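Coming up is one lone chain in structure tokens, specifically the form predicted alone.
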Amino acid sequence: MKLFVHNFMSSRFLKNVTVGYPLELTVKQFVEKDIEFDRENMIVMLDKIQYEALLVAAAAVNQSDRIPAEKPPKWDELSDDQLKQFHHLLMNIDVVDGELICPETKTVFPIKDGIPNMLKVDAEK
């Protein structure tokens, strides 16, 4: 699961969950894969993400030092080198084994072979 995907996931579908975002992320194993960098696409992607969730994901893979603690004011004013740091986090890191955890109910959703399993039995919905 790419960290970009984590940014859009929530557990709002669970009973008694009002926000369910951002999901906590525990990473047991991740791999790094080279994905081609495209400046314009990265700026579009960064416009869509929630920065607080990206910080959660960066911390889960011990990469917090790659990005600033505060969201940059304008993505298009960043240098290619700065944008490549965000690209690395969002696109090059694949979580192979880990867990997503609902911030409200602490329900655990496993990530196995890079695929998050967000299914719950009917009684838990």
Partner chain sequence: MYFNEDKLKAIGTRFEGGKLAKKVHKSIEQLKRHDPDVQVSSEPTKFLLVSNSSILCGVSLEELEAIFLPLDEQAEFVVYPNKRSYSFVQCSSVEAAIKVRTELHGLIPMALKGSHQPFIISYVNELPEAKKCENYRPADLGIIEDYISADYEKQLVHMLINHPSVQSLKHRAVVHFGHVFDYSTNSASEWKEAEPIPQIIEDLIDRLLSDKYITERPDQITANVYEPGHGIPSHYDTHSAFDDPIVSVSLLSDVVMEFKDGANSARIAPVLLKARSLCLIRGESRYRWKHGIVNRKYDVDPRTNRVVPRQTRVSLTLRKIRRKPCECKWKEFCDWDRKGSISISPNDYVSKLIVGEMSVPSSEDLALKLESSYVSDVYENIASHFDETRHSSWKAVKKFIDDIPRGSVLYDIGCGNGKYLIPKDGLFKIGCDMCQGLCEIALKKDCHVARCDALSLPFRDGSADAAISIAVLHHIATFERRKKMIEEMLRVVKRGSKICVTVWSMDQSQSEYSKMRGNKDDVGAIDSSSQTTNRLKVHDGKDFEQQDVLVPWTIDKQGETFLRYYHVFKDKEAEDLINNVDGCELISVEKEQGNYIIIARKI
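Positions refer to the first chain, counted from 1. These figures come from a predicted structure and were not determined experimentally.
Separately, the form predicted together with its partner chain exists; it is not shown, and the next lines address it.
- The listed set 61, 67, 78, 45 contains one residue whose heavy atoms approach its partner chain in the predicted complex to within 4.5 Å, identified as 45.
- Of the candidate stretches 46-54, 81-89, 68-76, 24-32, only 46-54 contains residues with a heavy atom within 4.5 Å of its partner chain in the predicted complex.
- A residue is said to contact a partner when one of its heavy atoms sits within 4.5 Å of a partner heavy atom; residue 106 fails this definition for its partner chain in the predicted complex, lying far away.
- The closest heavy atom approach of residue 9 to its partner chain in the predicted complex falls within 4.5 Å.
- Applying a 4.5 Å heavy atom cutoff to its partner chain in the predicted complex picks out 113, 114, 115, 116, 117, 118, 119, 120 from 96-120, in order along the sequence.
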